[in-house]
Ligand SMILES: Nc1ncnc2c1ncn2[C@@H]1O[C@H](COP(=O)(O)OP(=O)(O)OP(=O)(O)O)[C@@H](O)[C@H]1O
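One chain comes next, on its own, written as structure tokens: the form predicted on its own.
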Amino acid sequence: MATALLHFHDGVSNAEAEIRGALEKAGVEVCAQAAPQNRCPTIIFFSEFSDGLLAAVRERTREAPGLVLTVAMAGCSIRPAESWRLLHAGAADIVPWDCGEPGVSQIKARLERWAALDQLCNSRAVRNTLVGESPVWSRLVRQIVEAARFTRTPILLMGESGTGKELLAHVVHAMGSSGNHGLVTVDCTTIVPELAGSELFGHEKGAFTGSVGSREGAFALAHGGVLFLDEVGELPPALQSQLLRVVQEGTYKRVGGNVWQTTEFRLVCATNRDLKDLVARGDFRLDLYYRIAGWVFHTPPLRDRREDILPLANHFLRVFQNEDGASELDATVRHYLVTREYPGNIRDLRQLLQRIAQRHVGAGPVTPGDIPEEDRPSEGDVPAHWETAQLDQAIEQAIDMGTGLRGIAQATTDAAIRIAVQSEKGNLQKAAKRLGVTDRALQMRKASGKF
């Protein structure tokens, strides 16, 4: 169902009745108040561009990233530079208001797409595979789920090692229309040039010494499903041209065969290298790059989504302790985890939690002694304060955007509460204890829809 919270900016409220009536007539349910926990989208109606409008967009996108639609009223002239500023502030789009059928149906269609994405992103296939609620991660997951579900275009995942590219490929497979067919993974770093043809194309009996029978290759096995080429930047030049033909025409021959085979699959590629740089150096075919880069997504390193470290740590702890009631992390361990560097990103964190889980015994919380000695920070590396350069940078950015002290303090408070509640799986009593406030304070904020 199409639902939305309406926000009328710059005195547009004089047209509120007309707007509400047109939307409700089209079947759009208007929310009574903001409901971030349900990711209720917001439509902001405005009559002129202003810094106040940008602030309103930023405020709503903090609660519902990617779910703000700005609508320019009749007679509002907005310049291209202002449109880009609205998008950079977090708006999903800027559309003109038309109370007639075309304009209202466009808004309704956008809201219905968002509702469908909400359902998909909250599905077990996504929630059980991808852990994290940070804005940068949530936006990425939402974009990939949309591309997987509503398109068949090849997807290219670029990012550092250990940032979850393979897990995202599994989600593409689960979300796509081919979810009932296979997911075939080929690690391009392990392809032996002499056997590469057989690995990808398959071979006929007697095609080479030792081929006592025919074999299906990755292209055949992926038919009707998803082919995931991991570290595609390592693919040898000779195979790049052969892959290009298969991607373009959907046909190939087995090694030693004369019959053209057909295949159709969703292609997902991943790499930790800069493919454009490889193209410039002549190490990767330009035509192949544009064939596999239908959608390009950059997976963020763990240092850019530190809000997700503790949820990920708790998830891994449950996995390694193999129980629902996994041990809690005490304050020192939580501080250690969120301030530690992870060169290997999520894979690095996962391995660390495996070592910690193997050392921990008993039903009590995980304590500093459970951290292996080689993983502990040296005395000189222990930070004296929790404030970090990242916090300074965030505040500097807020000031540059015109946010005042009150707004910065409010945003910091909201973020602290949101993170504490998320890390405690919605347990307000535990979150309040960690924040040093009363249960009642958090209950009142939740009742008012502030988290």
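What you see is a predicted model; the values in this text were computed from it and never measured. Heads up: residue numbers just count along the shown sequence, starting at 1.
From this point on, the text means the form predicted in complex with the named molecule, which you will not see here.
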Contact segment among 284-292, 70-78, 219-227, 161-169, judged by heavy atoms lying within 4.5 Å of the named molecule in the predicted bound form: 161-169
Any non-hydrogen atom of Leu239 within 4.5 angstroms of the named molecule in the predicted bound form: no
The named molecule contact in the predicted bound form: Thr129, any heavy atom under 4.5 Å: yes
Glu231, heavy atom within 4.5 angstroms of the named molecule in the predicted bound form: yes
Contact flag, Ile346 vs the named molecule in the predicted bound form, heavy atom cut 4.5 Å: yes
The unique member of Trp137, Tyr336, Tyr342, Tyr252 whose heavy atoms fall within 4.5 Å of the named molecule in the predicted bound form: Trp137
Listed residue that, although the named molecule is not shown, lies within 4.5 Å of it in the predicted bound form (heavy atoms), from Asn272, Asn314, Gln261, Ser83: Asn272
